[in-house]
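Next up: a single chain in structure tokens, the form predicted alone.
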Amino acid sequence: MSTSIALAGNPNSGKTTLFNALTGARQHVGNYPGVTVEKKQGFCKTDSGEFDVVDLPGTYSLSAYSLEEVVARDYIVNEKPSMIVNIVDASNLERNLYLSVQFLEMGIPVTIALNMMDVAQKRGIEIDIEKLSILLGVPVVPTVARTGKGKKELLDTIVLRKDLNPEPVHISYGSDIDMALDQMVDIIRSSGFLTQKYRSRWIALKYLENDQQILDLGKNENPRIARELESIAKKLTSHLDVTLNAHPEGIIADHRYGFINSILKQNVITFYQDENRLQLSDNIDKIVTNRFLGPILMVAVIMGLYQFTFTYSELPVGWFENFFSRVSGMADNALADGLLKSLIISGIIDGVGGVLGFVPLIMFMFLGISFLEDTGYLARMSFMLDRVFRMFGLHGSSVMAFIVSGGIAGGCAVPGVMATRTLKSPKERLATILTVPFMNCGAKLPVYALLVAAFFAENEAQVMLLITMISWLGALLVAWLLRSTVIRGASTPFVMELPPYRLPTLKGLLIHTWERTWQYIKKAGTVILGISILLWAMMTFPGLDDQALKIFDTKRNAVTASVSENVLNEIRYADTDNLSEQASSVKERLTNLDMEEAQANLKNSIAGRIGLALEGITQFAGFDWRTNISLVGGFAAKEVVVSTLGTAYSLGEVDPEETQSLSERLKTAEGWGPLTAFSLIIFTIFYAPCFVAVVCIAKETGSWKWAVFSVVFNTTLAFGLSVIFYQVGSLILT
């Protein structure tokens, strides 16, 4: 029978590295039931035995201040793993042991993995492992997770200690708090209040810490007892406020740290080098987080990240495109003309291929991001931009979500929305989720490339920079608006640990990269397939009626009746580049008829009727019915805007990477110009996220309400800005 292990620890303590070292490829990632916090599970089989391993969310405490803390605590209480392995950073012992003390107070089986012993040694820190273990009353095993050192000893210790049922540690919090705790414990024990899951003293502590989850559980369990406990907590809070100008939570935290210090001062830690000597990380941070050099270096790093991504993904992206082109060609040769052939090629192969063609780019992007994350640099970026983001009601942790979504260009809103999981405040997280879709994701780039090439060819770089600035400024202003109205609430302080710089392991980078890439493949590929089929159907049916088809057949017959059979055979079988003048003229007329029929069929389709119906409103932003069709398609995926514009202008399928022919067409098309083009660019920046991102927003917020809000609000905002821009621009130009 396997032993269940839960890995718990502070962020950046090496917890996930140890998880990877234990489980290797035998792991999978999902979400905890009912919440969006990531759940990692794995299996470990060694000479010590078999182990089911769960990597709990990184957390600094077990108080219900964040979703991660609630999830970690609930898992420990409800699932009752055989052993909690508390990963502690040996180079930051005092801070990391705060979580350990809370485990000890819960009275659950704990083994401390004293990790990063190599880092501690480099910093001149020597730890008496045996004495620390005796004073804490739990086993302490030194480890270096990144190299696997200490892994066997840790598993052997778990096997030996898993069946023990330790008594909880009692810390004295001063006479006032201790008296209140004793009074509350008597009430809790006599009534059996919540004691099925929790220990009496721990419940009392949570009431004094104003733990909202326990308060809610208590009200449901026994409202009378809950009111009695809350009354004691309120009296104590008032007393401490008057006498000490302090609150129970703060005093409890101070005494816990006092307990930790009392242990460490018993010669547990020895500094055999100058404790205050600046380490390598500190010296690097003098430059990296410098007020003037820091932002410059940050831009250079981001540009380097995207340069790496696009440079090294170019060749594999080409391989993917060639593969899907060949598959499409094989289907074209193998299938007879008709709806089935159109569905398979246009609806399925091109739909899936358009998404999976970005997989190499996404993989390289995640590889670069994982490298920056594992080295510790992303923490510095959040630190530097926090002051700017706080002005708009966001948080320093929002920065990375913006960058991943395409803060420079080429990102994706789906992983950007998922990246908000690091935000502790639900309101700041929600504001970030609703604004990251404004970034220049890779799906929007073909649209920008098309319009910039057609109407701003002489100033492409400047216009692209302007687009980037508009997206960032717009996102920040919208965040400020939301935080001032529908998501009103106080900002949370940005307190984060700047981890020491580390060289990532290749295994860790590959695991992180593959996890994120696989999520992209699953969430994007399957959804886009369904959307592509739906769009194909909307642009195909109901088609022209028999009378309309007869009219086009009559026109074709009239053209072919005026020429000889030899000319028709030349059109059918000869090299199209070497046709005679008469044959060339006839072929052009027949091609124009085919294009006219295709456009008539499109107008009569469901999508065409929608586009025409919307034209009465969208004309104020400069959009005609054909542009409306492309924008409706863009609700599914922004890449669809380009291919749909090509179809709408009778150019057939258009590759987003090769848009010059469509650019030339738009330059001469009626109603198009620089004003219309930039109006469409503004609309593309701000309007509804793609369908995959909308689904992701619903999952991450736990409600379709905010997903629908994102679609409606963003589209309304985008249309309003486009109308203002187009109408003001028209007045200026007239």
Ligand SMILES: Nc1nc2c(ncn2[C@@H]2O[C@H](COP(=O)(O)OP(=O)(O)OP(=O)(O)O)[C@@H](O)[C@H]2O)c(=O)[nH]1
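What you see is a predicted model; the values in this text were computed from it and never measured. Quick note: we count residues from 1 along the sequence shown, nothing fancier.
There is another form of this protein, the form predicted together with the ligand, and it is not shown here; the text below is about that form.
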| item | value |
| --- | --- |
| The unique member of 722, 12, 714, 23 whose heavy atoms fall within 4.5 Å of the ligand in the predicted complex | 12 |
| Heavy atom within 4.5 Å of the ligand in the predicted complex - the one residue of 221, 228, 597, 118 that qualifies | 118 |
| Exercise: residue 211 in contact with the ligand in the predicted complex, heavy atom 4.5 Å | no |
| Touches the ligand in the predicted complex: residue 49 (any heavy atom, 4.5 Å) | no |
| In the predicted complex, residue 58 touching the ligand (heavy atom, 4.5 Å) | yes |
| Heavy atom of residue 17 within 4.5 Å of the ligand in the predicted complex | yes |
| Partner-proximal stretch of 384-392, 244-252, 68-76, 143-151 relative to the ligand in the predicted complex, 4.5 angstroms, heavy atom | 143-151 |
